[in-house]
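Listed next as structure tokens is one chain, alone, in the form predicted alone.
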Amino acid sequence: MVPRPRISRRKLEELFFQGLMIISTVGVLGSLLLILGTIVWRGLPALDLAMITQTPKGGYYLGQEGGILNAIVGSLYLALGGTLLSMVASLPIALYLHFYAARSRWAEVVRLALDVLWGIPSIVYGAFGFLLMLWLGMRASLLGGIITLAFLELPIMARGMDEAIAMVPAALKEASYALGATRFETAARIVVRQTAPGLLTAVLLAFGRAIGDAASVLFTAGYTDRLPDSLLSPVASLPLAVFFQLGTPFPKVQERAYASALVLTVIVLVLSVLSRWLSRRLTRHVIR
């Protein structure tokens, strides 16, 4: 009999890690499908036009008429405001780290600080925002929620932009300098256009964290059944709407909580598709 060839140790290691990767991929995809399937199965029957076009009426949390328009509008206001405010600070930080503090100890300290801030729980940002509002004499409001979410998004967006800018070829910067451009001109006119898809991805990651966060806006934005009419008025949000509706003992209201979660998921999905489309258009300016 011809002896069977023995499988080498390197082949066994390769098969082991290949199987581990397959199991991990199936686990991640399975978890995603399970979550989405549960939200769609429980939330779709309770979702109707009135729910997304009306504000809560009297007795809404007892199972009567009304909708979550206040939470939809409030979440968009909070997330968009926080994202814009955070972007104003994040892009200069990322450009500074690469063009003015490159390879310095200070740059590493800033990156470490951003990484630490990224890992801080959102409830801590909510407590900080609440203390800041007390110091400024503010009440729970749209402005307070926007400021708190801006702090929450800052490390996520700044580090994402930092990593995107780090991928720019050094030869591109040197060519810009050789043509007489200053560091600011190179950063603003060359690097920002070159890294536009990566910068957009960083913005989307931060926006997704902001629109789905409840702890940071619980004490800073408050909650109301009305649409916000100013920056100093309280505002509702979809995550808190889900939380409050799930906390009721009425099954009909609990089903509406899953419908609210479905609306939030659809908003994030639409923004993700839109960002993909914009990224493809922006890649025309990328030098490969």
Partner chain sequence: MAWRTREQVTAVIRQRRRRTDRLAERLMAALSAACVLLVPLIAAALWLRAWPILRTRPLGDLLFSTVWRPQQGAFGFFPFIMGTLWVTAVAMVLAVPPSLLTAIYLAEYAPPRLRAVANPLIDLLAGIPSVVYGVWGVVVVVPLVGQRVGPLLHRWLGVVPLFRQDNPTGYSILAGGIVLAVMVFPIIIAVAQDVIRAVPQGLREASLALGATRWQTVRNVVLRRAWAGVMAAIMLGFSRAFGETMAVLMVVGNIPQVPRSILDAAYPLTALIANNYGEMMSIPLYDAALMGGALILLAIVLVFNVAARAVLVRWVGS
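Please read all numbers here as calculations on a predicted model, not as lab measurements. Positions refer to the first chain, counted from 1.
Although it is not shown, the form predicted together with the partner chain is what the next lines describe.
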query: Touches the partner chain in the predicted complex: residue 269 (any heavy atom, 4.5 Å); finding: yes
query: Interface membership of residue 232, the partner chain in the predicted complex, 4.5 Å heavy atom rule; finding: no
query: Contact of residue 122 with the partner chain in the predicted complex (heavy atom, 4.5 Å); finding: yes
query: Contact label in the predicted complex: residue 214 to the partner chain, heavy atom within 4.5 Å; finding: yes
query: The single option of 116, 166, 84, 136 touching the partner chain in the predicted complex, heavy atom within 4.5 Å; finding: 116
query: Listed residue that, although the partner chain is not shown, lies within 4.5 Å of it in the predicted complex (heavy atoms), from 73, 80, 181, 200; finding: 181
query: Partner-proximal stretch of 44-52, 63-71, 224-232, 25-33 relative to the partner chain in the predicted complex, 4.5 angstroms, heavy atom; finding: 25-33
query: Within 127-153, the residues that have a heavy atom no more than 4.5 Å from the partner chain in the predicted complex; finding: 127, 128, 130, 131, 134, 135, 151
